[in-house]
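Below, in structure tokens: the form predicted alone, a single chain.
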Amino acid sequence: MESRQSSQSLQSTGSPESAEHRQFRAGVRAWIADNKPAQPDFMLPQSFLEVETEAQFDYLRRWQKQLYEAGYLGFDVPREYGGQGVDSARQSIVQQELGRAGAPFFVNQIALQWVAPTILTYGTEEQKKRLIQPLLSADEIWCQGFSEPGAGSDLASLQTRANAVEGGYRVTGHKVWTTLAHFARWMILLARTDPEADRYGGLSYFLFPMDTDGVVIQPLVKMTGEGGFNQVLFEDAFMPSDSLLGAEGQGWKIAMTTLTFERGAAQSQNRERAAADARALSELVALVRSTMRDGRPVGDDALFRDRLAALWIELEAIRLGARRASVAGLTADHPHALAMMHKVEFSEFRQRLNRLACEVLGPEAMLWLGDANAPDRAEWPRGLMNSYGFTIGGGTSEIQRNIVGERVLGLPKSK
């Protein structure tokens, strides 16, 4: 199994790439080679879920801004709102090449992948012109205020209140698992505006300014020892009337749109993930070949070779599923089904990949960050621990399977 084969196949879109797009791809690849930032002298997070320190944040923010200013970010956003003009093919090419090169991720991923398309779908012209460009350039960071201590998977039971007052709303409540809240200028906030309505109809969706009085941010520490998550307390915090996105009572519908984007509806996002996962699989192949056990490479063991082959097959299936999702005729009956299935598959794939790497390492997988003897700087066991965040965020794997079973396959509700 050659890693080069995986990366080449990922660049295929199912039809020959035009000369114009081949030239564009070459330019993107050359620009990344010339501008990809050097590894800093501090530890970088593995994903946007673990951005904790100012140094990490500044490094990643500069990279996103640099890419935007070079004209390689925002191809899925119209020019009048600060984008490069809608061209999904070019956006996909950029995402593929970033993943192939192992370039740093975008720190403002919540804004790029979930907030921007939601505002473009439901926002007023004023909201689009005010908010989209700064999120593309990472001048304004966004976080997501959906989950609560008593309302995670059962999101419709949330209790945070937004009470209408003169000129706006007063917010009282408690959000949790709020990634990037400590750096965010804005939050997409789901709150209850009508306690008398049913649990879905009483919800509204807001673009909440985080710099207002009455907002308390408390960091949460993950099992890796890293931060990035937070809980946010609202103590009668004011937001103006134009913070409302859509209409009052429309919050559940808009939130479901956001979750569709979060679960991977954007095809460029899927291709970036696939390219990054292909690179990780290549690194795992190298680990299997170089790690010795009982005087022989682990790769001599037929069981490990078989499990590597299974991961490669799974990655190809994920890639082809992402291509299938872009064909309207194959998704017309259940337009969100493939996105939900893809979310389960890619998150669990990462978990299986990192778990296999830890099995290859054996006892050395117990060596942790900062240990000079830890293979690959302990990134494999760190990756395994961090992978659980992806099988929880955006809807747990169990919830996703229930939704697919009930709404796509027509199975009875589980009890």
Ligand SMILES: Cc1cc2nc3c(=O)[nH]c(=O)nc-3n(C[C@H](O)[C@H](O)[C@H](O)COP(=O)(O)OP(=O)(O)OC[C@H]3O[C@@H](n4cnc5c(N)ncnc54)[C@H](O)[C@@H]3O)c2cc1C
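Residue positions are given as counts along the sequence shown, with the first one as 1. Fair warning: this is a prediction, and the values are worked out from it, not measured in the lab.
Absent from the display: the form predicted in complex with the named molecule. The rest refers to it.
Shown without its partner, this chain lists Gln91, Ser243, Thr118, Thr179 as candidates; in the predicted bound form, only Thr179 has a non-hydrogen atom within 4.5 angstroms of the named molecule. When you look in the predicted bound form, the only residue of Lys222, Arg279, Arg192, Arg130 with a non-hydrogen atom within 4.5 Å of the named molecule is Lys222. Gln144 belongs to the set of residues with a heavy atom inside 4.5 Å of the named molecule in the predicted bound form. Although the partner is absent here, Ile403 is not a contact residue: none of its heavy atoms lies within 4.5 angstroms of the named molecule in the predicted bound form. Put simply, Tyr122 is far from the named molecule in the predicted bound form: not one heavy atom of it is within 4.5 Å. Put simply, Pro209 is far from the named molecule in the predicted bound form: not one heavy atom of it is within 4.5 Å. Comparing 131-139, 290-298, 305-313, 151-159 against the named molecule in the predicted bound form, the single stretch with non-hydrogen atoms within 4.5 angstroms of it is 151-159.
Residues Gly389, Ile392, Gly393, Gly394, Gly395, Thr396, Glu398, Ile399 of 381-400 are found to place at least one heavy atom within 4.5 Å of the named molecule in the predicted bound form.
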